[in-house]
Structures are given as C-alpha cells and as structure tokens.
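In structure tokens, the next block holds one chain alone, the form predicted alone.
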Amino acid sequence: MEISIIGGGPIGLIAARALVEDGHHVRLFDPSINKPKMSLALAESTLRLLDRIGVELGAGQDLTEILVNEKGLPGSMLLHASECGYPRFGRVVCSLALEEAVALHVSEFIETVAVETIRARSAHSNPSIQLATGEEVTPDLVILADGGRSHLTESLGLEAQHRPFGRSAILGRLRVSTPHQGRAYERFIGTGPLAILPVEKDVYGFVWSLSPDHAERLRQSNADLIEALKDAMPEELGSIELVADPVVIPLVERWIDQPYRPGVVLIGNGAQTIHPVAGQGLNLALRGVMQLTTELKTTEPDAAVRTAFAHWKPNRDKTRLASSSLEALFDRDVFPRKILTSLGMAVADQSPWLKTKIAEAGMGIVS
C-alpha cells in the first residue's frame, strides 16, 4: 500500500517505521529542522511498540517509581513497578533523542519538503497532496501528523471542539543535587498539578499548571521561577537550578469527533490535544497508531481507518476525561478538598490491587 505521512515529529516517525515494517511503501514529508525539546514519559505500551518495530532507546531513564502527594499534607501514594508486577512503568526520554532513534530507521523515506494542499479521496481518484516543489502525490492513504494547528486539517473541513481550562502550563528542565533514580513525582500544590520527570541522571523535566498570569510572570524571571519551584518541589531532591529556558503554553482540550475523511486520517495533536500533566498525549496517539497499523494488514484503507478509530475512541474518551479531571480537581486551593484528596491517597497507598490498576492504566496496558 502507498502511504504518505505529513509531519516528522515522534508520532509521524514511529508511524512510518511501523508501516515500513509491515511492508507498506511510505513517503514522509516534513520541512521542519529546528524542533522543540520536550520531556516525554513513554508508557509501557509505547515501549512495546518501539521494541516491535526494532527501535532501541539508549537515552532517558526507566520509570520505576511514582510518588503522588499533596504539598503540606501527610497523605501520599507511592507506586513501585516491582510491587505492581512490572520491571518499570515506562521510560522518560527527551523528544529529540526519541526522534533521532526512530529516524535512524526511516531517514531514507523522509523528504524535507512542505505540503501545500490536500484533497480527500473521491469516487474517481485517490487522495492527493500537492508539494511545494509542484509534485502531486496520490497515495492510497494520507496520514496527517503535523500538529493541532495545521491549515491542512482546516482545508479538509474538519472542525475541532475546544474546551479551555483557563490555565497555562510552564515547562522546563532543571538539575537537582540529590536525584532519586527512576522516581517521578506528581505534586498537587494548590496552584495546580506539578509533574516532575527524571530525564537524565540528575536532570528532571517539569510541567506545572498555573494561572496564565502566574505562569507568564515566572517565565519572565528565572529567579522567581526557581524560588517558586523550591517551594513547590519535594525536599528530597535537594537544591535545584534551571538548565533550559522555560516555555509557557495555554492549556486547551481540543478534539475532533471524527478525525478522518476518505483516504485521510489525523493522528496525534491533530486529532486531539489533552492536558499534559499526566503525560498521556503521545502514548494515547501511539495506541491509535498501533490499532491503525493492525487494521491495515488485512483491510482496505478507509475501512481500516473507520474500524481502528471505533476501537480506539473509547480509550481516547477515557484518557481525555482522566487527564482533564486532574486539572479540574487539583487546581482548587481549598482546604477541605486537600484533606479529602490527601486521605484518599493514603487509603489508596494501602491497596496493592488499586495501585496496580492505576499504574496499568498509565502504562496503557489496561484502559
């Protein structure tokens, strides 16, 4: 099958590698050279996909513990991978390192050229894309993996639903003096959830949900950001220093109810953008990629897309709900709420069965 992929981020690259492995003929179009550096928490389901398609990750850290707690209150929940019956929950890696690892296998299929227009399949012709070079490509299937603000998506008449959180996320990296190997943190501060992910030996990525004004003030002053993080982070990590300039992004939940047209399917942020604090956006998208590649082995493109989406949509709906609920619940600095959630975490910490189910949901093994 002839398949064109538009967008060379992690999702587009991994989709290309999986499709090539299945014997399809792939062309990937991506004019981007300078790409953002992000900390990605790869779920176990994603790592299994990478292993299946022969991608080895030498970078990053295996995630073996997750500590969830409310700042200033004693209740907490500590998830140990070994206690849940797994060697790890996943792996945290820099997005550029992941892209480099996958690109080693698909570099010959990548063309650094922009796509100007796209047209869905008609009764008489395949879908088509017009390249900036003037070439017209008419594959059996086009996969759009070029992000949530693509003009190509809009040209197909695909309208997204939006639900703004009225919040912003500040993202960055910092170095700590006393790292805890393999341990991630989910901290509820009162100002909003703070996720802290171990990327390298002593370097952590962070994602912190704040009011837009607060996030922007911290972005403009590294000194203020450091002081705020010192107050918000667990003391066991010791002293901290920034190792990358922070970035602020508005938090908006965005999704397309039916992200496909005849001969064209959207994956990744083009199909849905979810709250980043639980780190499930990439993993959710790649579960969709796995479903699609499985269907394409035995079914013609349009039927494969419809069937794959029907099977994957319940997973998307649950993941969207879980991610947005974290924000809705934990951005309220109300003492009764903090007491109840602290007690809830303390109770959950005593239930190996519940902790395993929580961990498996995050790993993409049970949804």
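Numbering starts at 1 and follows the sequence shown. Keep in mind the model is a prediction, meaning the values are calculated, not measured.
Not on display, but discussed next: the form predicted together with a small molecule.
Heavy atoms within 4.5 Å of the small molecule in the model of the complex are found in exactly one of 71-79, 109-117, 236-244, 185-193, that being 109-117. Taking the partner from elsewhere, Gly263 is found to have every heavy atom lying beyond 4.5 Å of the small molecule in the model of the complex.
By the criterion of a heavy atom within 4.5 Å, Ser209 is excluded from the residues contacting the small molecule in the model of the complex. The closest non-hydrogen atom of Pro179 lies beyond 4.5 Å of the small molecule in the model of the complex. Among residues of the shown chain, Thr153 is not one whose heavy atoms approach the small molecule to within 4.5 Å in the model of the complex.
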